[in-house]
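Before any questions on binding or motion, here is one chain by itself as structure tokens, the form predicted on its own.
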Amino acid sequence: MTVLVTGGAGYIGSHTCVELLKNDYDVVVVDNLCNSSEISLRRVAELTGKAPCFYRCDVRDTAALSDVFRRHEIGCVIHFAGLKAVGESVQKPLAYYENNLGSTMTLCRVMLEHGVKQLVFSSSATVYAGNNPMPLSEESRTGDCSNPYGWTKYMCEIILSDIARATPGFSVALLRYFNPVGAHESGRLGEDPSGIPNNLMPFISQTAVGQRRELSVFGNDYDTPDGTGVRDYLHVVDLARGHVAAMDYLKAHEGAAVFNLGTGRGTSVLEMVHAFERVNGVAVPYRITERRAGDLATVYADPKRSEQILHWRAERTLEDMCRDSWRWQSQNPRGYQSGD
């Protein structure tokens, strides 16, 4: 079967391409490269011996996207393409709504025109309301999002669920990610943020490699064991495997289904910093700064539904996440700009 991966040159997308190719799927990638590099796809080919077919275009470009569907007999779509920085979404809400909702609606329209009715959607734990008890299950309350990025994921879930209800044979898996970290164990694929990282792990690894003077830890007075925020960190390769499991589920199930992808365990910021230092034998200087507006003390998943229905479970440890992140960063100190 041929799988279309939108945003397939990005961090999670490229790792998912590796897992798809390892499972003998044919892969077509559409990516506008606004926050990714085509080098990642060359490295996917290097790691698997099979090259994804790549089209550089924006998913919102109906004509270009329709041409891709005409050229390939696509059986399923995995939709990663979108803007994803929480802080930026607060500063540029219109860009986020236009891009994330527009790309999803254009994609669905083109899919239906070509009779493609299986979709795996990259959603987020940011769709959950901030006052839920932990851990978060798929039945936890959604909405009341704290930023435009979260609202775009929430709205896309509603749009896709409505399409599934209205369209016989349409099936969609809404995968709510927690905190993806790590890199491919080869060190050839990893997270390559542009500018100042929005996520903890690349900030840690860039500090360790000397790109940044110190790590900013936002608050140490939360109601947690060491006062720093607790999150559910998930290895990106386990996350990529979750998409393959969701595709297998869609083959036999119609309608919309929601799944958490997380480990079910919380790790604090300082626990992550100290684990990184211990595993890799490097120092990570840090400074405690003010809390960020909207940050919660503790967020972690209840992944039992994914374990029971998708037969998927996160396998890689915190040590694996730290080791693989450092291997990627130390071998590619400037990310993909370091070259092949």
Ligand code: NAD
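Note that the coordinates shown come from a computational prediction; the quantities given were computed from them, not determined experimentally. Numbering starts at 1 and follows the sequence shown.
One more form of this protein, predicted together with the named molecule, exists but is not displayed; see below.
Residue-level contacts in the model of the complex: of L33, A275, C53, V284, one residue has a heavy atom within 4.5 Å of the named molecule, and it is L33. Interface residue among I39, V279, C57, L47, judged by heavy atoms within 4.5 Å of the named molecule in the model of the complex: C57. With the partner left out here, the named molecule still marks one of 112-120, 130-138, 147-155, 246-254 in the model of the complex; by a 4.5 Å heavy atom cut-off that stretch is 147-155. Contact check for F259: every heavy atom lies farther than 4.5 Å from the named molecule in the model of the complex. When the named molecule is considered in the model of the complex, Y177 lines it closely, a heavy atom lying within 4.5 Å.
Contact annotation for K84: at least one heavy atom lies within 4.5 Å of the named molecule in the model of the complex.
Contact check for V18: no non-hydrogen atom falls within 4.5 Å of the named molecule in the model of the complex. Annotation: in the model of the complex, residues G13, F80 and N99 each come within 4.5 Å of the named molecule through at least one heavy atom. Within 4.5 angstroms of the named molecule in the model of the complex, the stretch 235-252 places no non-hydrogen atom at all.
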